[in-house]
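A lone chain, given as structure tokens: the form predicted alone.
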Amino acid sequence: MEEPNYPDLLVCDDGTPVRDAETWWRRRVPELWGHFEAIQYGRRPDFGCLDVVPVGVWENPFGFTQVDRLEFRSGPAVHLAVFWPDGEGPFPLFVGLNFRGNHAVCSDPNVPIDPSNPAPRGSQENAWPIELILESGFALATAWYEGFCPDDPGQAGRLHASGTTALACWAEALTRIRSVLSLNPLCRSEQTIAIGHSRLGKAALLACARDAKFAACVPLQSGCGGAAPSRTSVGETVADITRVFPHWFLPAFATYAGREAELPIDQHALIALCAPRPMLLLNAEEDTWANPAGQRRMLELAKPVYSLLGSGDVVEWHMRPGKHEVLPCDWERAIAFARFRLKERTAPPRRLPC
């Protein structure tokens, strides 16, 4: 099968070649963001100022847990749970949104239950192996994604009227969490990693691209609209995703269904907008819907930008056996990546089976 004609990242829209970092930052980056914001993700939402209201701090078997309530003056009020390792710190930090509420991430009865999301307490512990993360010397910050923006197609009209999307809201949530924790002396702010799975992997990738203060990104099985190409016949397509999830993207993106070759961007551009920071794309063999091979191709096509910026080979693609889910071995791989790429010296993680 002939490969699609992907846009050349190192050629400006008017045909001007990008031969140095100055041209990349001054000309090409604004062009690419212009396309993404007009066609796909929309503008960054304005959550406005926020108040951080302490809820509690208590020990857990592997360190201690801190819960605060983020009260945004624009409306959202969300519990933020941070799990800190034992020690004086500062610690490198993973920042990721969760699907079922902080109480689902761990079985600790002190963690407040999100009232509108009554998932069983501790039901997502396998996807968030706190013991592994903390014993590896990393901290973890997480919050329920729907507290920032409901994952509801009925929200599409409201979001689009504001020129934004649900994915842009979830990406902005990660940035605001990172910003809050950067003021905490326990946080090694220059070693903060955006992480997420599936639709929240898309959000993590978008957050890292928009927020230069994220040190690295680990999108897990992010698929179409994330690290997988729009120009594809494999897995989820633009037609599929915009029909079922119209609130994730701008209406303009849906108009490219069946004519993806006319898009002025593809997902290699979003990966390149994270350069020169490290990137790890995690995938699973049975998860063809997320198009692992297509993600690998996007990463390869982004590499010339990394080379242009002098960062060397700091992007990785990994695939394990299994299906569309997060397992402890995915975290093992993410921790090893972060430790190596960010030069973090911590105790090696225990080996856990997939």
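We number the residues from 1 along the sequence you see. The model shown is predicted, which means the values in this text are computed figures rather than measured ones.
Just so you know, the form predicted together with a small molecule exists too; it's not on screen, but the next bit is about it.
The stretch from 131-139, 87-95, 253-261, 240-248 that comes within 4.5 Å of the small molecule in the predicted complex, counting heavy atoms only, is 240-248.
Looking at residue 289, you'd find a heavy atom of it within 4.5 angstroms of the small molecule in the predicted complex. Contact annotation: residue 165 falls outside 4.5 Å of the small molecule in the predicted complex, judged by heavy atom distances. Using a 4.5 angstroms limit between non-hydrogen atoms, residue 43 is distant from the small molecule in the predicted complex. Residue 214 falls outside the set of residues with a heavy atom inside 4.5 Å of the small molecule in the predicted complex. 324 is the sole member of 69, 27, 324, 320 with a non-hydrogen atom lying within 4.5 angstroms of the small molecule in the predicted complex. When the small molecule is considered in the predicted complex, only one residue from 198, 230, 175, 191 comes within 4.5 Å through any heavy atom, namely 198. When contacts are defined as a non-hydrogen atom within 4.5 Å, none of 47, 146 and 210 contacts the small molecule in the predicted complex.
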